[in-house]
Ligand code: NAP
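A single chain comes next, written as structure tokens; it is the form predicted alone.
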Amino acid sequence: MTAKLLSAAPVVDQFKRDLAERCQALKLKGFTPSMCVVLVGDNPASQSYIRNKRRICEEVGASFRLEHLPADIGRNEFLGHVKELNQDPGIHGIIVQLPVSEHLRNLDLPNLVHPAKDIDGFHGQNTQQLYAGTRDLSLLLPCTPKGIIHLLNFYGYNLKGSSVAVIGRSAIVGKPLSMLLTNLDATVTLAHSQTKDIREVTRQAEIVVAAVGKARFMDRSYFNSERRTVVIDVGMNSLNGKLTGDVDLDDVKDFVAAITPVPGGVGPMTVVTLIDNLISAVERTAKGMQ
């Protein structure tokens, strides 16, 4: 039995309709949601991601602005740009597009953006809400974890009491996702490069999230065919000129119950959740001014 492909397309379509309605409601109150992306240098992958963000912004009626800064910009000048955006009432959401130039990487990048405009969800005040046990998906939480939850909800997977293995402990995906899943009453194992037997962990799980960053790292040996696992593949790797996930889809497709495709799975969910965070940020601003 071939695995069900958990495509993001129908979820994104539903999201965009909802976001467009919320955006229009804000415009009627005098607020046009506006995102600004700060890009340092000319990384081709970054420019591709930015085009996707711009496209969905425009599709739902939000405003998009790009601050394209030179790769050799000075630290103080860079910080000055971000400070101006933080103070600009016409900008509701700010993203510092990663990676930045080498000489800027030791800055406290997650906390440069004001928490009320941090639509990436990386500011300490926003991630703190995960530690506090929030289940509220309208908060400015990290986009990929939030997008994964929305995807699982859309396809009807009940997280309460489910055993979930998250493979990879990055601050962007693995750690915040494991906390969010725990808050939603899943039983979570967070495995990583120092885990003694990852296969033992994944074979016991009902849901496996692969966030390793290695092309086709996981094959069918990581799964128990009797469990009919649901697999969320976060990987975005280039292999022989093609985008591929952390899971070898061809090898596991007859071995697991369902899997997200790469491309077309978690990636689009991350982008649409970013726009959701933008709209949520403006809704909070509008509510605070009533």
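In case it trips you up, residue 1 is the first one in the sequence shown, and so on. For clarity, every value in this text was computed on a predicted model and none was experimentally measured.
Unshown form predicted together with the ligand; subsequent notes refer to it.
- Residue contact check for V212: one or more of its heavy atoms lie within 4.5 Å of the ligand in the predicted bound form.
- The ligand in the predicted bound form is approached by M236, whose closest heavy atom lies within 4.5 angstroms of it.
- Taking the partner from elsewhere, T270 is found to have a heavy atom lying within 4.5 Å of the ligand in the predicted bound form.
- In the predicted bound form, the ligand sits beyond 4.5 Å of every heavy atom of L180.
- Residue heavy atoms within 4.5 Å of the ligand in the predicted bound form occur in exactly one stretch of 166-174, 81-89, 104-112, 133-141, and that stretch is 166-174.
- With the partner omitted here, the residue from L159, V188, I198, L151 that has a non-hydrogen atom within 4.5 angstroms of the ligand in the predicted bound form is I198.
- Along 183-209, residues H192, S193, Q194, I198 each place a heavy atom within 4.5 Å of the ligand in the predicted bound form.
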